[in-house]
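Shown below, as structure tokens, is a lone chain in the form predicted on its own; questions about how it binds or moves come after it.
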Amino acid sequence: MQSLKNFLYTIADDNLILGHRNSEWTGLGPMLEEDIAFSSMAQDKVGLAYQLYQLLHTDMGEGHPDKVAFARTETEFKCCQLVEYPIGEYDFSLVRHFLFDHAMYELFSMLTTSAYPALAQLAVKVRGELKYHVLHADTWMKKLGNGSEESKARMQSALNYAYPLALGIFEPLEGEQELVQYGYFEGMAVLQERWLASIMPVLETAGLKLPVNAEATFGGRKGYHTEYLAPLLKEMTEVFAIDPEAEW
């Protein structure tokens, strides 16, 4: 089913690209514990992407995970634009982490009852990992939102910037109605509603507010990307490109 393939690619591509982005903090974190935490969560994201690419390979006849991760062109990727942006300052990376991982936690909680058994089984496993990602993000949002005037201002500014991009996570999918009809997924509108319900209490505790009248940044699901994705893919695939047929 093409709609299911597209759905799996969107989730996998989101996690692969953000996993690679967040790995750029390795050795640069503001403290050793954070350096380790961000690196570990980045590794989880890449691992999740691999498992989804593996489902596409074994169940749907798509290419080997290495090939689909490293040999596709920019326009073939279905990631949302949020994940493509450079890591910036730590405030932006933390806010992106908070918005994205809450969405992933709600998504995989939803997918535990998917009519696609292999995806439901993966969701049960992944939800446990994502619980800790969300806990980490929530802790820092509250700590910095209730910190100094500067930390609060920086977190609010980062939220204002990242929120419209984060709405792109919920861009309607091609064939989405078919996914809903067959019980594979409940739909992006339902996911967005649950996401908002999960992030709002944290933001209120942190004294942060969502920007008013934010317009969603769509396009990524259809292959329209920022200027940041192509250079990232070039860097990410440079070793693979030397010899795509090599066995490691």
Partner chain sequence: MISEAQILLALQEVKDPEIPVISVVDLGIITKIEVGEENSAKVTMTPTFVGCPAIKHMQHEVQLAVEALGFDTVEVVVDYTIPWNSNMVSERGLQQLKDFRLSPPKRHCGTISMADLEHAQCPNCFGTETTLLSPFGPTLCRAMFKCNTCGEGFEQFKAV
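Quick caveat, the model's predicted, so the values are computed rather than measured. Residue numbers count along the first chain shown, from 1.
Another form exists, predicted together with the partner chain; not displayed. Remarks below refer to it.
Peer 1: Among 44-52, 201-209, 182-190, 214-222, mark the stretch whose residues have heavy atoms within 4.5 Å of the partner chain in the predicted complex.
Peer 2: It is 44-52 that comes within 4.5 Å of the partner.
Peer 1: Heavy atoms within 4.5 Å of the partner chain in the predicted complex: does A37 have any?
Peer 2: Looking in the predicted complex, residue contacts with the partner chain include A37, since a heavy atom lies within 4.5 Å.
Peer 1: Are any of the heavy atoms in G128 no more than 4.5 Å from a heavy atom of the partner chain in the predicted complex?
Peer 2: Contact with the partner chain, yes.
Peer 1: Test of understanding: in the predicted complex, would H136 fall inside 4.5 Å of the partner chain by heavy atoms?
Peer 2: Residue-level check for H136: yes, a contact with the partner chain.
Peer 1: Counting only non-hydrogen atoms and a 4.5 angstroms cut-off, does I87 reach the partner chain in the predicted complex?
Peer 2: No, I87 sits far enough from the partner chain in the predicted complex that none of its heavy atoms falls within 4.5 Å.
Peer 1: Taking the partner chain in the predicted complex as the reference, which of A158, L122, L144, M104 has a non-hydrogen atom within 4.5 Å?
Peer 2: So the residue touching the partner chain in the predicted complex, by this definition, is L122.
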